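The chain below stands alone and is given as structure tokens, in the form predicted alone.
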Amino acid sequence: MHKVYHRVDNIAGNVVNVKARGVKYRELAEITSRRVSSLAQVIRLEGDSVSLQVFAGARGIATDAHVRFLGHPMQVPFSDDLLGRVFTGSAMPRDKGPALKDGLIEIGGPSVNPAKRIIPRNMVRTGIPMIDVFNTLVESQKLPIFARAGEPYNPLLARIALQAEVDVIVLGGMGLKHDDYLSFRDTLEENGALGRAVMFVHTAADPVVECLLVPDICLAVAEQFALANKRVLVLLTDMTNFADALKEISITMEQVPSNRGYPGDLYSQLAARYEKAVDFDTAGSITILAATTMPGDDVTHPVPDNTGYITEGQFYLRNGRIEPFGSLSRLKQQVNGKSREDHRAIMNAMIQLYAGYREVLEKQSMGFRMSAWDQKLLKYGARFEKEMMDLTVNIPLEGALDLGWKILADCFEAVETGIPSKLAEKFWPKKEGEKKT
């Protein structure tokens, strides 16, 4: 039996305060007031003073409301029936399908014991050259996509959801516009990928507390799929909205603000989610790719700044493309030497030459005369941006490497690229009539 409390001390925004004993942090409660009934979650404990965030908002709740604590934190149903379904941020059906009630699991548990993890060793192929060739995504990696507002980070995540060579996609939306949610759903459905995906979507019109639940629900479900020996890719968008929800609640709770009003435990809150990325030694894996918008394109903003200390690199999305300078996958060395022997050589040469192209653009803008080498770099840079950097390009890794050789051969002589002669002799495209060695 769970105690029922018949008095609410005060209500501040969507936070209800009651006096209660024997209550745990993150425990759920049911609040009933006249004709209003809503779930709430414990977000602060101070002695016998308990603060609860009401999921559906505190409108209609009076001080004589009945508060019944349920004795457990938020739970989400888990089974293979989740695949192909779309849910709200509180795991209620959004797709008008039946509610799932079996196999309940708790969310927000601890990270996996390091002793149960293995060193990342497998790449996650996405069909996007700027990822597969230049900053390879690795199983169990945690990577953010840093972008300013307006960049196509959601279409990029949708493409990755379609093309990533994994078993299960878990997509979590936080503060999504309704048309962005529909775009995700329709893209996956029209391309036949919804059957291997499950979506938990909080829209901008939904209660703020549901925004906080989305990453925990997604990662709890992903963990169960991974324990069933599945390779799981978790796509989260947008973690800045998640942090803003934390800030909104901390302000309501009258907590002392930290940098730009965010709570002092922002780093810990973000790390608790990102550290769920894991490659189990006897089961599957969880890989996390999370969009993080940068207000004012400011990488020193508290959300991207803290994220950078937690994750293993980052993708910078600028002008609709993944920027090669600044983007980094710190684990790519674990896998790109195993993909094909020319992978690292192509990666290094093309980026170095593209850096030269960017310098030539600056010279050109200042009116300097262009040399023959500058003209080669200009030709190369234009092709690199169009055929490799453009996010509409969809090509397997081996095809992207072959394309890299072709672009280099069309713009330079082999000795001008800095690629080892042994590799050039084997992979350099031969001109018509020229015998292969």
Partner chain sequence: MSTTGRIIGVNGNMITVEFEGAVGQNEVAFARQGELRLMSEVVRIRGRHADLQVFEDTTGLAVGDAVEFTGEMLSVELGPGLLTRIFDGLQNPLPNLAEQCGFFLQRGMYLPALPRDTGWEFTPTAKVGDRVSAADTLGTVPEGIFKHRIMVPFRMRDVLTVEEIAAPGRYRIEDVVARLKDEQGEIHEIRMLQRWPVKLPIQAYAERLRPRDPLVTKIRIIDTFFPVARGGTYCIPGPFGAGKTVLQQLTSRYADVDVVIIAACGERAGEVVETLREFPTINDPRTGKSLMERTVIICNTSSMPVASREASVYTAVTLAEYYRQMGLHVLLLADSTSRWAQALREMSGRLEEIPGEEAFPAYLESVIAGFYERGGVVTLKDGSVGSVTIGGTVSPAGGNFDEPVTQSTLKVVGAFHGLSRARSDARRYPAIDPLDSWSKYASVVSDHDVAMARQMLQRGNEINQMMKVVGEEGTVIEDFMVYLKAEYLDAVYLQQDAYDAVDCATTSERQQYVFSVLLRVLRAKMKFDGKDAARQFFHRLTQATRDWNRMAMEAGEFKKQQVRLEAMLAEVSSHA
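Only a predicted model underlies this, so the values are computations on that prediction, with no experimental measurement involved. We call the rigid core the largest set of C-alpha positions that still match within 1.5 Å between the two forms. Positions refer to the first chain, counted from 1.
Although it is not shown, the form predicted in complex with its partner chain is what the next lines describe.
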Which of 146, 225, 200, 242 has a heavy atom within 4.5 Å of its partner chain in the predicted bound form? 146
Exactly one of 100, 251, 104, 328 has a non-hydrogen atom within 4.5 Å of its partner chain in the predicted bound form; which residue is it? 328
Options 156-164, 329-337, 82-90, 177-185; stretch whose heavy atom lies within 4.5 Å of its partner chain in the predicted bound form: 329-337
With a 4.5 Å heavy atom cut-off, would you call residue 293 a contact of its partner chain in the predicted bound form? no
Does its partner chain come within 4.5 Å of any heavy atom of residue 320 in the predicted bound form? no
Residue-level question: is residue 386 within 4.5 Å of its partner chain in the predicted bound form, judged on heavy atoms? no
Given that the partner is absent here, does residue 207 sit within 4.5 Å of its partner chain in the predicted bound form, heavy atoms only? no
With its partner chain taken in the predicted bound form, which residues across 95-121 come within 4.5 angstroms through any non-hydrogen atom? 110, 111, 112, 113, 114, 115, 116, 117, 118, 119
Given a core-based superposition, decide whether the C-alpha of residue 99 shifts by 2 Å or more between the shown form and the other one. no
Answer yes if the CA of residue 366 moves 2 Å or more between the shown form and the other one after aligning the rigid core, and no otherwise. yes
Using a rigid core superposition, assess whether residue 73 undergoes a CA shift of 2 Å or more between the shown form and the other one. no
